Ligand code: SAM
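Below you will find one chain, with nothing else, as structure tokens; this is the form predicted alone, and questions on how it binds or moves follow later.
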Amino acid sequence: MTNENPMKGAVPLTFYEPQKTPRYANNVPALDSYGRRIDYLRVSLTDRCNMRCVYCMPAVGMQFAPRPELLTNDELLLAIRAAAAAGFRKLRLTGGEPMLRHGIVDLVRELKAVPGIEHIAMTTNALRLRKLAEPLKAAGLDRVNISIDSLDAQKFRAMTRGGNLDEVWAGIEAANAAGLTPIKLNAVVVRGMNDDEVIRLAELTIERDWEFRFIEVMPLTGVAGLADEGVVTSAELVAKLETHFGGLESLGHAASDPARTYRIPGARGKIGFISSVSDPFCATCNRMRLTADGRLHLCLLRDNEVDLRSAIRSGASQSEIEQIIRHAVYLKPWGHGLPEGIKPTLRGMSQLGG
């Protein structure tokens, strides 16, 4: 077991031997070494996607994990039961595109039945949501975040490299009708691509009780070059929106939410800004990520990981997996190293689910 400082960039942490993992108290919520309660797990169900968004995947050369390397449903459920025992209460299903996972409705039903799991959300591109919104709601899915970077069909197709805006919009309407609410819509704002649409996108909140969230481009593997010139800061977007709409009403910043939220005067919905690059929220971070191939990824913008899959496949019990998860939580870094020039190199966005 390595004892290297997890703040030193890429440190592969593999705990195959539960007997060598430090013991942590059971029946209390897991805390990291900074005293933050970590209770929100983002679970990537697959690294595959039916889009190829410019800020998520490279145009060519994308290689996906062989299916035998991905956690099976039984392995995933074991990991989630152990995480719930360690104090995780909220799951977000991500990808790639999570609805490409075979048997997604049954999997959601099984995850919702895990003792201790109180809330399950999903981040999706909505291409399959028109047909699956009602079954997913019935299975226990609470709500969805939907990616929609443009309201111009041609521009949307270009940014997603083939996505169909009409299908996405049909998915949004189906989610709303099914009660997968409150609906949050996400746009990654890329300079020169869709930064001219922020006013039009924000206007979606005027007559609808949705939240539209603008996200800064992140310098992850495969698209890091885009972040050099493509980042539009949240401060710039706020200024642009206030020039058009007048002063935005600040709604504050919930400790567990990465978005700083505002309201257009008189609007039903909200606008959120996720400023991972220009104004990070590390001090209140409460999340970790489980990759589709069974690694606990400790910080989105760092490479530190703990290998759960090897422990599971070597026969570790749920109690032993819980101890490994508790140790991974303890090792969680304070935050990313972008100000010091440290950029992640291990995984791309499609492998982490954002």
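For every residue, the number given is its place in the sequence shown, counted from 1. Source: prediction; values computed, not measured.
Below, we refer to the form predicted together with the ligand, which is not included among the displayed structures.
- Only one segment in the set 204 to 212, 259 to 267, 123 to 131, 240 to 248 has any non-hydrogen atom within 4.5 angstroms of the ligand in the model of the complex, and it is 123 to 131.
- With the partner omitted here, the residue from L111, M218, M193, A85 that has a non-hydrogen atom within 4.5 angstroms of the ligand in the model of the complex is M218.
- Heavy atoms of A292 never reach within 4.5 Å of the ligand in the model of the complex, leaving it off the interface.
- In the model of the complex, C56 approaches the ligand with a heavy atom inside 4.5 Å.
- Contact check for V188: a heavy atom falls within 4.5 Å of the ligand in the model of the complex.
- The ligand is not shown here, but in the model of the complex it comes within 4.5 Å of a heavy atom of S147.
- Residues T94, G95, G96, E97, P98 are the ones in 78 to 102 with at least one heavy atom within 4.5 Å of the ligand in the model of the complex, listed in sequence order.
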